[in-house]
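Next up: a single chain in structure tokens, the form predicted alone.
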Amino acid sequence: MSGIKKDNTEEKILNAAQTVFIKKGMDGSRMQEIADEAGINKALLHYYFRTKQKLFEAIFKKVFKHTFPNIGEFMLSDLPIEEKLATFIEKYISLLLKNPFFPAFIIKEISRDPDFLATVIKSQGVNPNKLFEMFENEMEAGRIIRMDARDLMINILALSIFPFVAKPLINIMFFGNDKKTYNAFLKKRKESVKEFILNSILIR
């Protein structure tokens, strides 16, 4: 019974922290506000998470693991490159659709503490050098065009994340502020980005 209560309390804290972080960002958020949002006292909050950074790290890891289980192993597996990239793009955009607070929050954290954010991402099995090496091997094998592997990764991330980061502006400029239509457009991005990237790099 106590285990269930413990898990429920931790879940309430993570949900509360996520809500407060979205509203105020990391710097503007206070542990007391998070405790109030979770309906617990501050001492109990500190029992579970000593700092805001620990809270953010827990939220990020939870979302990341749910969307990208074993991402490092998957990207370095022997699966065809088109399958690996297609799956990554689909899961990455799905993560953004399910967690619309993430893009703006991540952008803020990039400015605030990029070293911390990089450490958290790498702790989830993401090794950029291994990915670049994998792309280089695909180029050597003649399966994808020769290019800077960093360009490829940045293109994938930019095409995926920008429509979410710039959502308010793009919705007004291109969709007449029709949120329903724009959300439907975002869902289609899983296919359109996948096709765009694969068509631009695969040697058929």
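Just so it is clear, the model here is predicted, and its values are computed rather than measured. Residue numbers run from 1 along the displayed sequence. Whichever C-alpha set is largest while still superposing within 1.5 Å between the two forms counts as the rigid core.
Here the subject shifts to the form predicted together with another copy of the chain, a form of this protein not shown in this document.
- Put simply, residue 142 is far from another copy of the chain in the predicted complex: not one heavy atom of it is within 4.5 Å.
- The closest heavy atom approach of residue 136 to another copy of the chain in the predicted complex falls outside 4.5 Å.
- Interface membership of residue 168, defined by any non-hydrogen atom within 4.5 Å of another copy of the chain in the predicted complex, is confirmed.
- By the criterion of a heavy atom within 4.5 Å, residue 31 is excluded from the residues contacting another copy of the chain in the predicted complex.
- Every residue of the trio 108, 147 and 201 has some heavy atom no more than 4.5 Å from another copy of the chain in the predicted complex.
- Contacts between stretch 145 to 179 and another copy of the chain, counted in the predicted complex as any heavy atom lying within 4.5 Å, involve 145, 147, 148, 150, 151, 152, 153, 154, 155, 157, 158, 159, 161, 162, 163, 165, 166, 168, 169, 170, 172, 173, 174, 175, listed in sequence order.
- Superposition on the rigid core between the shown form and the other one places the CA atom of residue 116 2 Å or more away from its counterpart.
- Remark: with the core as the superposition reference, the CA shift of residue 143 between the shown form and the other one stays below 2 Å.
- With the core superposed, residue 81 shows a C-alpha displacement below 2 Å between the shown form and the other one.
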